[in-house]
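Take a look at this one chain, the form predicted alone, written out in structure tokens.
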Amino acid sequence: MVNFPQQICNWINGQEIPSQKGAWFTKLNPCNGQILSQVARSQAEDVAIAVEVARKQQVAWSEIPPVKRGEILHDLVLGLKARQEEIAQIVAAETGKSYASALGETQGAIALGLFYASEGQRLYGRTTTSAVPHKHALTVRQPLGVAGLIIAANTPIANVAWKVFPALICGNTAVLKAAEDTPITAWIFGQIAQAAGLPPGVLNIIQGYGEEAGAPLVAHPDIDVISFTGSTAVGRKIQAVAGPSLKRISLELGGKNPLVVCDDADLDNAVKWTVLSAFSNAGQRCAAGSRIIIFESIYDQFRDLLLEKTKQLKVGPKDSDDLGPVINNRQLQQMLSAIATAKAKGAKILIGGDRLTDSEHKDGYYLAPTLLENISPEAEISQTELFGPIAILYSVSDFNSALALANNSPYGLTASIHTKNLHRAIRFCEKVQAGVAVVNGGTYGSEPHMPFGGFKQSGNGTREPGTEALDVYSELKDIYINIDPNFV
């Protein structure tokens, strides 16, 4: 295992600083419940210091030309690449996922950082024509100021990169509230940023609980933009607090994502992607496939294939395992409660449904991969994101019924259809109410250069990453230049 401090502090103005009150909380390893570290339990006063530092440094950072800012961020990317194995070890220890999965996630974060570092050379405005003679019209991008960034723990290094790089390339400084379940990942990112030459105070990292550190960040009057990834419930609170001050707000929230299997689908491929969508990362993806909608003519056949594949899954933290634990005991208990409630109302548990209590798993937060059926689309468990390795099977008669059921959700983040019919595929992509539609693949997956976000309660309409994220972190200014040819 890689070495890291037993006390994880905040990064403020390039320095590691404990909370002002000297309070700490304990981070546990989800694989075995053992203590990984003590973490600074920050409060409003810590947030205020970090925001003040970020505000003081913002003008100097914004005046560095975007190309030069990109070069600095490129050095940060190189620092991440040089220490990617170390980062992956920390991600694996904090989340319980395998090292191989953590390394893949780290490499994805590096690719995203490289994309945004390059945007310093492409921070485009536009020039256009005017209806007025001798008048020139153009637009330029300018930074907002100080960005408040709040992330989830499911893919921690990717989530840090997802927000930090576009915020900084646009000329903002930032205060990142680390996920309390993955504090060490944020800490090592801050360490690498300082070693790479990022000016002190440009990126400040606050540790702590959402109610104690995240809420003051959202409410702080000197924060100009809030970007949040997490639950819809918390997103609503952020909107209510930050909205009246007219802060820019970007919310990437939950999902209850449908995966449709048509009667002409390649069933082996559909099973493969259903298992990956439902259970990879222990189902802890906002884009996880949790509603599996199957044509009734192939329902029994597909269910049997899916059950057989699910039975073969290995649960644990090793590279040879398919999924690890959920992030903490509270999350585990919420899932067990939801399953018990559904069962009491008539749901059939096809497989799983229990905590793993054998000698290998008893000390960790392991939920057996779970498949349910005989559940109404209107039931609470059908309409609520669980964020774990749980999927529900539904039977439908035809394509129109499948599409209607796919759209029967308060969420609209991602969706997938498995079919060989081009007409069905295109119609599904046109009509499904989701920010991401996939044909013959999984419900998850986001590339750095593509926008990600959802409809309905899955977000507020913003998109990150891709160049669309630049709209979150910058202002667009119109410039009009009038000339008089008589003075030429």
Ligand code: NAD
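Don't overthink the numbering: it's just position in the shown sequence, from 1. Quick caveat, the model's predicted, so the values are computed rather than measured.
A second form of this protein, the form predicted in complex with this ligand, is not displayed here; the remarks below concern that form.
Here the chain stands alone, but in the predicted bound form its contact with this ligand, taken as any heavy atom within 4.5 Å, falls in 381 to 389 among 308 to 316, 191 to 199, 266 to 274, 381 to 389.
The partner is absent here; in the predicted bound form, the one residue of 258, 255, 156, 148 having a heavy atom within 4.5 Å of this ligand is 255. Contact annotation: of the candidates 331, 84, 280, 395, the single residue with a non-hydrogen atom within 4.5 angstroms of this ligand in the predicted bound form is 331. Although the partner is absent from the chain shown here, 152, 178 and 452 each have a heavy atom within 4.5 Å of this ligand in the predicted bound form.
Shown alone here, residue 231 lies within 4.5 Å of this ligand in the predicted bound form, counting heavy atoms only. The closest heavy atom approach of residue 215 to this ligand in the predicted bound form falls within 4.5 Å. Residue contact check for residue 211: one or more of its heavy atoms lie within 4.5 Å of this ligand in the predicted bound form. Taking the partner from elsewhere, residue 413 is found to have a heavy atom lying within 4.5 Å of this ligand in the predicted bound form. Along 64 to 93, not one residue places a heavy atom within 4.5 Å of this ligand in the predicted bound form.
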